[in-house]
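Encoded as structure tokens, the following chain is the form predicted on its own, with no partner shown.
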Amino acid sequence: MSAKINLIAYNTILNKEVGRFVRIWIQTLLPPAISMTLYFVIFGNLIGPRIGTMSGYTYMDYIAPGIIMMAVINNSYANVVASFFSAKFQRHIEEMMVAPVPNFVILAGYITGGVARGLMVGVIVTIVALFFTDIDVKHPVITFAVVLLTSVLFSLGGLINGIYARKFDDISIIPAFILTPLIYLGGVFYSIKLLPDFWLMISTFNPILYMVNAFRYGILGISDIDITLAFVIIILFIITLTTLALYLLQKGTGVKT
């Protein structure tokens, strides 16, 4: 009986989350498609021919996996942080917290919603990429595993940001000052092999570098880092953030007054 109740609660949260971003698709799904198209036009068509090839691929083909991953990261994160904070702001998160629903069910519902939006945007951007590139997925299983785990990871990050946020400005600080710099410095638009030794060493501390390169390996078959290490890092981050998120929900941080 308890499992059935938990499943109903999970489906309810998930349906709410998916329904929310699908209902306002013009704000959640269309902008990433337009933004990523501009990346392909500007960096691929205009700048790419001047750069030439990179790691044996045209510059357009080389940056395509990074652009797709960038869209997945941003939208997975944005969906959960905005939704969870809105629930706090509208004061209906308390009803969920006092309901006979375990915290892991609440966590799973929000995270799955973030993953759904992240993957949906990823598919949309991939379709856009096919108009500009001739990419052929070399390792489908690795490609899907990396994008799924990365979406889970940043959905967790969005939830934690939403837990701590006290005002609307707080949900934009992390994306603007931490997430965006890490993405742009994570090898989306270049190979870290081009960097001087010092900056190459610094780049290895950027977790997004491992996600972008693992995804690039799945699609193109090339990577600047070890794929096994990339999976280990991603999974360790997921375990750490899941533990932290459950702890914060249990304490009622940012929810209980």
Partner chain sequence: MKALEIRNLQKTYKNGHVALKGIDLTINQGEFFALLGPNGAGKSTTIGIICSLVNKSGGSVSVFGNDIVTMSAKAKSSLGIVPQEINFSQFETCLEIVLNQGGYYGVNRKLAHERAEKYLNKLGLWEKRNDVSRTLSGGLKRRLMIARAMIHEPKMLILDEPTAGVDVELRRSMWNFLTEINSRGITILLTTHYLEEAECLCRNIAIIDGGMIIENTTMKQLLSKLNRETLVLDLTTTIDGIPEIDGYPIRKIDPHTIEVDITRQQGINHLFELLTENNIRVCSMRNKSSRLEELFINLLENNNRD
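Positions refer to the first chain, counted from 1. Note that this is a predicted model, so its numbers are computed, not measured.
Form predicted together with its partner chain: not shown, discussed below.
Inset, instruction - Have a look at 124-132, 148-156, 86-94, 173-181 and name the one stretch with heavy atoms inside 4.5 Å of its partner chain in the predicted complex. - result: Careful reading of the contacts points to 86-94.
Inset, instruction - Assess the spot marked by 138, 195 and 220: is its partner chain within 4.5 Å of a heavy atom from every one of these residues in the predicted complex? - result: Negative, none of the three is within 4.5 Å.
Inset, instruction - Select from the listed residues 233, 9, 246, 18 the one whose heavy atoms reach within 4.5 Å of its partner chain in the predicted complex. - result: By the 4.5 Å criterion, the partner-contacting residue is 9.
Legend entry - Partner contact for residue 101 in the predicted complex: its partner chain, 4.5 angstroms, heavy atom: Contact check for residue 101: yes, within 4.5 Å of its partner chain in the predicted complex.
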